[in-house]
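What follows are structure tokens for two forms of the same protein chain, given separately as structure 1 and structure 2.
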Structure 1
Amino acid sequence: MASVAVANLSRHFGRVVALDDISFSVADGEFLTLLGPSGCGKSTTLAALAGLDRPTKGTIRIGDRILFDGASGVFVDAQFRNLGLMFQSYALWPHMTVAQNLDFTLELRRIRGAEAKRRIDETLSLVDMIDFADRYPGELSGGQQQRVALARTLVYQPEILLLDEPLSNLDAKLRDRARIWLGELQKRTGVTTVYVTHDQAEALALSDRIIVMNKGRIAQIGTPTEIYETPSDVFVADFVGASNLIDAELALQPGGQATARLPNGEILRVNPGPSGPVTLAIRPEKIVIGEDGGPPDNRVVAKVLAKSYLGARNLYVIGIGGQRLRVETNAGIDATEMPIRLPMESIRVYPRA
């Protein structure tokens, strides 16, 4: 196992800049997630790590090996990197049985005979697929294929495990189970893992650290808590946890306090920030409904515009100051108007260009 260090990595496809000067590192045994919307460059980053795609510039090191260095022209092909890459499509070779899929990777490493058999059995047991060793991939369900695909990347004990949206082909219920299972498996094997997803719930649940990407750049690197609680910009606030975004004008008051004026004139107390046009972000579950005995600031009466029942919770769309906000709460409200509070400490302030 090994650590990963990526520095100043860029990838251009003609005029399209898929990756723009990104740098990050992954510690030995860490579970790191690349999170971002479709097209932000996650797969391109993973392909660069895997050696399937040659970046335009930058360096990639794994352990003490330099695998890519744009300046000196070093590029080690995927074939020689000894990494494990799991595809979104699983890419199980359909003409080989489950065991043969695993065995092929060992054959390439000249691991044969009893040792090969032991490894295959061990790995298939690890993913609970030992009973399916002689099945063909076409005879397996999606969830089973996913396990086999993972087993195939683990059986030769790669230095790094790279997973590209491994759960996206599973249905919702299976996906939750597979996510828990995958997390436990990574803890047990302790293999350094780079995980790609566009699903923030997966990222938050599984990762030691998350890299949020936006348009080929890194928007934020941090632990799940940091990313969720202190998003570094509007994009991250919106993408992770779907914050409500409110345009406002910030004014610093004497005594170090700050107020934000909404377009309709409503004034909210907020944490200090740069004065001028700002975007306020507040998460749907942080908006307090009704009287909660908190401070008297930032209380408004909101119109209830729409309501949808999510089972465990209710989602309301409310209107304040001509802007629509989403609110999540356990309470059921039938009124057309309700008093709400936007707690100052839950409002994050970002300068607006």
Structure 2
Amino acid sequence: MASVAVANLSRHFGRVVALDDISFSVADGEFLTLLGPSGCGKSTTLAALAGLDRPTKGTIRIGDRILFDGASGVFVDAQFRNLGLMFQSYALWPHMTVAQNLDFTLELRRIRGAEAKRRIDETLSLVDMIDFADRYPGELSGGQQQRVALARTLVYQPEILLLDEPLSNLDAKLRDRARIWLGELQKRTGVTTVYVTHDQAEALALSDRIIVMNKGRIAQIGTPTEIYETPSDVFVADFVGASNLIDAELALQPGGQATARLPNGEILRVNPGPSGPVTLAIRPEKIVIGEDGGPPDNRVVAKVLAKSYLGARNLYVIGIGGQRLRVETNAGIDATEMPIRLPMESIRVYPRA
């Protein structure tokens, strides 16, 4: 397998800047996810890695090979990069059996005979599809087609695996199972993987590291825990998982403490940050309901504005400080008001955009 190094990569489409001077690396055997909303540049980045699109400037290196260098004009075409690419559409040949779909990929690379048969059998066994080798794609379920498409990508043993929203065509329950299976498969093969998705649950479940992208730039790089627990800005806090965003005015107090004044005058103790207008962020599951024996700070009585039963938990919309917050809890509450505590350690403070 191989590592990936991207440096100062940009892609301009006329006046539109799709990628704005991004740099990152992928370690040998790592599972890295590019996460972000539509139009953030994640698929453009993947296309540049695959050789399907020529960036405006920067460099792309895989292992010891330079695949793109804008300064010197180096650009290696896609067919010479030895990368495995799988799109949202599985694009299986409908007139070929499962085994023939894989064999055609090997034929293009002049791998024939006993070696081709060995690779096809090994790869189909790897994805648990060896018993379906003689079936046609139309005779397979969506999840089975997804496995065949991945097998076709793996059969020629690419250095890097590039996956562009490969689970988005599956229904929710099948997507959950496929996510677990894909993570286990990547660990078994050890193939370096770059994965593109807008689904935060996929990113958190599968990745060794995540790159959160916004408007062609990298907003944050980190492990799933780092991205979720310590988001770098309001965008990451709001995009990765749900966050309550609260406008406030922060004032620094003697002794290194800080307080945040909400629009209705309510005062919260928070961690120090930039004085003046700020945005506070707190996850719905971090808000404590009822008397929990914790510190007396940041306790208020909130009005219950709405309630949704989600099966494993309840979602409440509450009103405090003139703002609406979401609270997730296992508790079932029928009252019109509830005492809550906003733990200071769970409140993130950001300069107001």
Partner chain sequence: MTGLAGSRAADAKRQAPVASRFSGFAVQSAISLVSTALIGVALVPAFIQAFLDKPLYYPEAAFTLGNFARLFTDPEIVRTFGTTGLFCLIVVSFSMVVGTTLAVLVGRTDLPGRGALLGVLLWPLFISPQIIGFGAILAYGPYGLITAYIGDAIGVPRPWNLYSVVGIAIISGIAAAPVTMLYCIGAARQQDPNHDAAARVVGAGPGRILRRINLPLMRPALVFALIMNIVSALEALAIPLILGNPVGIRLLTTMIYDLSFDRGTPNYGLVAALALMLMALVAVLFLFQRLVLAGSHRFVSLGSRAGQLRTLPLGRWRWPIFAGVVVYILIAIAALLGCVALRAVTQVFSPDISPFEVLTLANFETILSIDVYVRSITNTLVLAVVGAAAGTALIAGVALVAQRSDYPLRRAVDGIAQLPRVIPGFIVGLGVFYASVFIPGASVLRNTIWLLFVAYLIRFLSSGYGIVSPALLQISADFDRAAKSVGAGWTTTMRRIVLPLSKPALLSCFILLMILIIKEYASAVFLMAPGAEVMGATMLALWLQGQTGPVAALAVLQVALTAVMTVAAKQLLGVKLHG
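None of the values given here were measured: they were computed from a predicted structure. Here, rigid core means the biggest group of C-alpha atoms that superpose within 1.5 Å across both forms. Residue numbering: sequential along structure 1, first residue numbered 1.
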Structure number of the form predicted together with its partner chain: 1
Once the core is superposed between structure 1 and structure 2, does E115 show a C-alpha displacement of at least 2 Å? no
Is R269 one of the residues whose C-alpha moves 2 Å or more between structure 1 and structure 2 after the core fit? no
Quick check: H198 between structure 1 and structure 2 - does its CA shift reach 2 Å or more after fitting the rigid core? no
Rigid core superposed: how many angstrom does the CA of D134 shift between structure 1 and structure 2? 2.5
